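To begin, one chain is listed below as structure tokens, in the form predicted on its own.
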Amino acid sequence: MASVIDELRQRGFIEQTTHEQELEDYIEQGNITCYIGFDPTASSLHIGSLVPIMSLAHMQRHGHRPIALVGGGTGLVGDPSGKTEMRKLLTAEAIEDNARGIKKQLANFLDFKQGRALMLNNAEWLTRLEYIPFLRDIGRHFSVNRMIKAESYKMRLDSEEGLSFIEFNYMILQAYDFLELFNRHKCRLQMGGSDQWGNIVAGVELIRKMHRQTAFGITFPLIVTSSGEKMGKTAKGAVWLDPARTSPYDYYQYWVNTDDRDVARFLALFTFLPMDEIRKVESLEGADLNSAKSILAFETTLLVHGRQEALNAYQAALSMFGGREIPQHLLPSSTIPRSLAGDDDLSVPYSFVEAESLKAGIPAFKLFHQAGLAASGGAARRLIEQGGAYVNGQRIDAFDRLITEQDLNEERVIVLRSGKKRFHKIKAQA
């Protein structure tokens, strides 16, 4: 069996490592402990967090113990990395609420039973620090000259707003987290995004200076699409892991609309399907590549929202867009249904309209607005006039066209569509 470092490399997770050969030798000893910090600035993670989450899951699958560290303490300070202006400072209560939401989502990927993974909050030790002892014992190991050369600080120092003193402490606090986890849990590996390199190295150095022990760091590349866009950004905003913010259907649709050039790469990063199967996707095109996209969407939705929601989203997509059977030989380890049986569309948003209202007829622009497919009546008119509105698959070109009971299909449903991807079902009720 390949080591977890080999696995992560093959899948595209690793950008930089410290002590490369020593790290490989250390991991081969087995049963190591590693950690990644998660910033509790929102009550939900988004798909930009999937690379670190998946890396922890791979670690656990290879027999190692991952620690997910929620930054309840560092969140009170704010990480300046990758930011040109100071982050909004949150209250302790807001951070605690956000931490609870993040913990629930991480449990979908990691098994926390019997200590196989740990979920910790650095507020436990950071909020209890005494300032003068901390400066004497920890601060003396840090060179300001070296700190201001770190990429995370340079960007802020060159910005108009500059770098606040509270943010300047962030690197020291993150390094102290690594030291605490080393002392408490024998954790010797920290992983994080490429913007965390300076903070990770600071922790490695702190452990070396205080304990004369070698600790290690791994950073992940910033994942962008082939079109150069940041992962998880859409016209509607971020793609969240919380189903209340991004529905499982919309989550599935994000992945099924992956650029052709990214399908194999995203299968490697965001699913656990075997690499020997994923490599075969690189040469696919046409209908087979579209089937691979369906598998990508199904597997990623399965991990975040569970099997039933993944099935609902898959079947809803079939009912909306049609499709063909997924070939048995294509990514055979996937548990996606291989036939078109069933057309459950529970994941497509719907609302009810009184049957009497449909007898008289409802102007199309009003119905599209009521269904949430347009932000206002005026926006609905423009949508229709620009040719982006459909009723039961047929484009409509008159904003005041009456939608009546004659538009109901055999299931007593009217299917509205805005553009290519947004659907809403109107169901008639007596």
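Source: prediction; values computed, not measured. Don't overthink the numbering: it's just position in the shown sequence, from 1.
Missing here is the form predicted together with the RNA; even so, the following discussion is about that form.
Problem - the RNA contact in the predicted bound form: G372, any heavy atom under 4.5 Å - result: Result no; G372 lies far from the RNA in the predicted bound form.
Exercise for the section: Look up in the predicted bound form whether Y26 has a non-hydrogen atom within 4.5 angstroms of the RNA, and give yes or no. Expected result: Heavy-atom contact with the RNA at 4.5 Å: absent for Y26.
Practice task
Please run the contact check for N290 against the RNA in the predicted bound form: heavy atoms, 4.5 angstroms, yes or no?
Solution key: Answer yes; at least one heavy atom of N290 falls within 4.5 Å of the RNA in the predicted bound form.
Exercise for the section: Please check if I278 has a heavy atom lying within 4.5 Å of any heavy atom of the RNA in the predicted bound form. Expected result: No.
Practice task
Using heavy atoms only and a 4.5 Å cut-off, decide whether all three of N257, S376 and R382 touch the RNA in the predicted bound form.
Solution key: Each of the three qualifies.
Exercise for the section: Go through 394-402, 29-37, 44-52, 66-74 and give me the stretch that gets within 4.5 Å of the RNA in the predicted bound form, heavy atoms only. Expected result: Checking each option against the 4.5 Å cut-off leaves 394-402.
Exercise for the section: Let me know the one among T301, T271, Q253, Q196 whose heavy atoms come within 4.5 Å of the RNA in the predicted bound form, would you? Expected result: Contact check passes for Q253.
Problem - Contact assignment for the RNA in the predicted bound form, among K186, R324, K104, R208, heavy atom within 4.5 Å - result: Checking each option against the RNA in the predicted bound form, the one that comes within 4.5 Å is R324.
Exercise for the section: For the stretch 386-409, return the residues whose heavy atoms include at least one within 4.5 Å of the RNA in the predicted bound form, in the order they occur. Expected result: The stretch touches the partner through Q386, G387, G388, Y390, R395, F399, D400.
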